[in-house]
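A single chain, nothing else alongside it, follows as structure tokens in the form predicted alone.
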Amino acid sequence: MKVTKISHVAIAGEDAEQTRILYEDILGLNYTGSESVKREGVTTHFFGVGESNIELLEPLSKDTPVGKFLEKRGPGIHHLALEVEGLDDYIKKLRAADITLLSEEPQLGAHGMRIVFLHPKSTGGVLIELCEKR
């Protein structure tokens, strides 16, 4: 059981093309692809930065979690994702420490990763995603 790297920093936004121009054309980051995650109601756009990524989250509608985030807070950093080994063991440890999870079981996220989110009220105000390769 260990954290292996920062997987990505996710940024909620509504103008994917404007953000792509900033990250790819101006900053020179490597665009690595987009993927719709229908269960979350979001399209993800990834830009490589060393061993990590910046993930732009574009809501499919206003009534999705990211759509509601944008309505309430506006564009900006949405969450920090840590890639881990031993996700199931982490979940047991988090529950034992009374850390609130946003789902009872790991879900399937972008790139086929198993993911679970930790509620910001339990993590000092930061939405944290733990993700593990399948």
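Computed from a prediction, not measured in an experiment: that's the story for all the values here. Start at 1 and count along the sequence shown; that's the residue number.
The protein also exists as the form predicted in complex with a small molecule; that form is not presented, and the subsequent description refers to it.
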### Task
Classify Arg73 as contacting or not contacting the small molecule in the predicted complex by the rule of any non-hydrogen atom within 4.5 angstroms, answering yes or no.
yes
### Message
Given that the small molecule is not shown alongside this chain, does Leu102 nevertheless sit within 4.5 Å of it in the predicted complex, heavy atom to heavy atom?
### Response
yes
### Task
Evaluate Phe69 for contact with the small molecule in the predicted complex, applying a 4.5 angstroms cut-off between non-hydrogen atoms, and reply yes or no.
yes
### Query
Is Glu40 close enough to the small molecule in the predicted complex to count, meaning some heavy atom within 4.5 Å?
yes
### Message
Checking a candidate spot here: are Gly13, Tyr23 and His45 all in contact with the small molecule in the predicted complex (at least one heavy atom each within 4.5 Å)?
### Response
no
